[in-house]
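As a starting point, one isolated chain is supplied in structure tokens, in the form predicted alone.
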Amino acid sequence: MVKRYSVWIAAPVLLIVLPQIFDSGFAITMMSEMCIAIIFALSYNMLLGQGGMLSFGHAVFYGFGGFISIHAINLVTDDIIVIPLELIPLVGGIAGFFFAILLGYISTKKAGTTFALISLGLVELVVACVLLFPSFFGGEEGVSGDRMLDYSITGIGFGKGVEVFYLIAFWLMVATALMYLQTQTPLGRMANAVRDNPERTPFVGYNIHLVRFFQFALSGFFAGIAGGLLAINYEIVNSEMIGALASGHVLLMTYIGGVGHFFGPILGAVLYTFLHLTLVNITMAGQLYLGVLFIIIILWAPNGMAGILMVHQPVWRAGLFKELLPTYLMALGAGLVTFFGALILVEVNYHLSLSIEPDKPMQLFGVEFLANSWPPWLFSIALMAAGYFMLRPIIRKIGLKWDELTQVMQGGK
């Protein structure tokens, strides 16, 4: 029993301890964004992972949750309504739920590509409304507010970033627990059935349209909670969080983490947020690296990071992972050689294309060189070629090792 619930015990402890260890403003901001991204990605996985509904417009409910929440904060500031700040994310959730019901009944009548295209049309429709209704959306500037309200359940002012983080962490635990419990309900099970075999599901007495619709509405509720938390965290909401770009971000998070497992979007949200925030400060090619990572996951690990971990679970339990470790380390070394070769090539090209003074020396890994000279090009191509030719036999060796371990485990049974 303790082992089964160990993750749920360890997670809140980790959330309490982390800000005490990483207490810089940047670290607190990053961890807050990670928590919000986890809720958003898990809500998206309710559609894609559980219900098999590929949506390009999930940010609509995330955005509406944020806009309604920031307006609610302003109404509380003006003493028009009384809502403690701790409950503002629930306001965002209700807003997301409402708009998911409003837009979901029609769109969930279709599935597959048709549903995906409808969701894309909906997000473009909502983005068009941003300029048509500036009193609600705030135009291009967005809507701002002040989270330091006079009303609070806990008595905390939420002026400090760490105080806001703990509020976000609390809602993260609540939302994650509720979404996990939902996977164990009849609706969650039937959403899986509709995903896997929509033709046979009606024979057990369920309406596949209503199953998709209820799943869609609940995912909108949790996306709205994430939007409300973002409004509290940044005290401003604009059109960027309601458009196709935000929908693309959550799709990347979910796929990178793995749609086939509940904890997959958690891994994807943490990794994607970390890379997104750090690469911006390091390189101009940050979006390119994220795109390449997504392509690699889709091509060679379609079940994402969670799928990779779960594939290794039987080997780990059998105590045979140490047999794979040497070949994995060799593959990692060869992969890093290939990666650094490609990285040098990309950075040199970006410097020549986007730098104000491309003829001046550039720095990479502490080494200064001219980007328009031949040595960096030759060196990067040589690294890529060397890494590639080292990697090919290692991959074959990993395949043979897996076959050997599979036979050992089957023989043990």
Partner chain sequence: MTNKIALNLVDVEKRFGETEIIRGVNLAVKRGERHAVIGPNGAGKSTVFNLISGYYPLTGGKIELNSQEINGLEPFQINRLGLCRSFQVTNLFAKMSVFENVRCALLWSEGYKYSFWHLMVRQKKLNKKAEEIIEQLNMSHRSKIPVGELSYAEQRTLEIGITVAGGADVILLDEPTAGMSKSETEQAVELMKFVSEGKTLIVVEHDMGVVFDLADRISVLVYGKIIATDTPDNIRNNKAVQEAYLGEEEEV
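What you see is a predicted model; the values in this text were computed from it and never measured. Numbering follows the first chain given and starts at 1.
Absent from the display: the form predicted in complex with the partner chain. The rest refers to it.
Residue contact check for His312: none of its heavy atoms lie within 4.5 Å of the partner chain in the model of the complex.
Proximity of Tyr234 to the partner chain in the model of the complex: non-hydrogen atoms within 4.5 Å are absent; the residue sits far from the partner.
Remark: Val204 counts among the residues lining the partner chain in the model of the complex, judged by a heavy atom distance of 4.5 Å or less. By the criterion of a heavy atom within 4.5 Å, Arg189 is counted among the residues contacting the partner chain in the model of the complex. With the partner omitted from this view, the residue of His261, Arg147, Arg195, His71 that lies near the partner chain in the model of the complex is Arg195 [heavy atom within 4.5 Å]. None of Ala318, Ile94, Ile308, Leu210 but one reaches within 4.5 angstroms of the partner chain in the model of the complex through a heavy atom, and that residue is Leu210. In plain terms, the part of the chain that comes close to the partner chain in the model of the complex, with a heavy atom within 4.5 Å, is 176-184 out of 176-184, 162-170, 85-93, 262-270.
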